[in-house]
Ligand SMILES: Nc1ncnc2c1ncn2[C@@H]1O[C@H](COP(=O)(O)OP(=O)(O)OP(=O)(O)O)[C@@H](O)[C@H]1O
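A single chain comes next, written as structure tokens; it is the form predicted alone.
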Amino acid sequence: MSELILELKGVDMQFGGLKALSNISMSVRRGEFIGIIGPNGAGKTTLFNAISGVIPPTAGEVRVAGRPMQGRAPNDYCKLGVARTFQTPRIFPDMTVRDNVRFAHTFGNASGQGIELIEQVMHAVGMAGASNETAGAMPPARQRQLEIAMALATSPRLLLLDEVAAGLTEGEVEEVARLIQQLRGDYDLTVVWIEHAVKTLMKTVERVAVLNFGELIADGTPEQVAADQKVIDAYLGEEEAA
């Protein structure tokens, strides 16, 4: 059985009187491709914040590669191989594409390849020809591509993707799914992908976790999840009707 890259045990996230995550327990093994779905406000991005060090859980335990992460900063997660993107791309708008990727490489303290890796990841996401463009001048879809390149430049083992296909056409979403599959193989990545484009996600990933009101209500193969009445009632029924 492949190694555990990420473990969550009884994770809660409380903001004042709001419990955004409640008793989340799940594990992610090396090489898995997992999708996370759920209605707006279900706790999906909050979960990513908890497992990337952005906001520590108020209860429970997060382990990365077997190491307890309580009190650790985001760069500690990064150095253990966790990289993520955000719903609204977090880039340096006044810097060039190449300088954004170079900064990410330095932040991640990635070993070895240096300039070679920076050029390689820009090429891998289709940005080789845009290396001298100012990042803030690009449309959001291109900024998301840049953010993926920045994540790859940290030499991750676990890549967390937060709605990288938001606002794209159906055809463009399919292209993003193919890109993620390609990157997963080329860089030996474990991938967890939050996405509202449920149909594309369900036919791309191998495992699906479903959040609703901060609780994990299902976790299984796409076929199992699609047939789960709790999921249909909470989310998929609404998607099919849309």
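Please read these numbers as outputs of a predicted model, since none were measured by experiment. Just count from 1 along the sequence shown to find any residue number.
Not on display, but discussed next: the form predicted in complex with the named molecule.
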Full three-residue contact with the named molecule in the predicted bound form, heavy atom 4.5 Å, for G43, T46 and H196: yes
With the named molecule left out of view, which of E133, E119, E163, D99 would have a heavy atom within 4.5 Å of it in the predicted bound form? E163
The unique member of G31, G60, P39, P56 whose heavy atoms fall within 4.5 Å of the named molecule in the predicted bound form: P39
A20 near the named molecule in the predicted bound form, any heavy atom under 4.5 Å? yes
In the predicted bound form, does N75 come within 4.5 Å of the named molecule, counting heavy atoms only? no
Is the gap between Q87 and the named molecule in the predicted bound form 4.5 Å or less for some heavy atom pair? yes
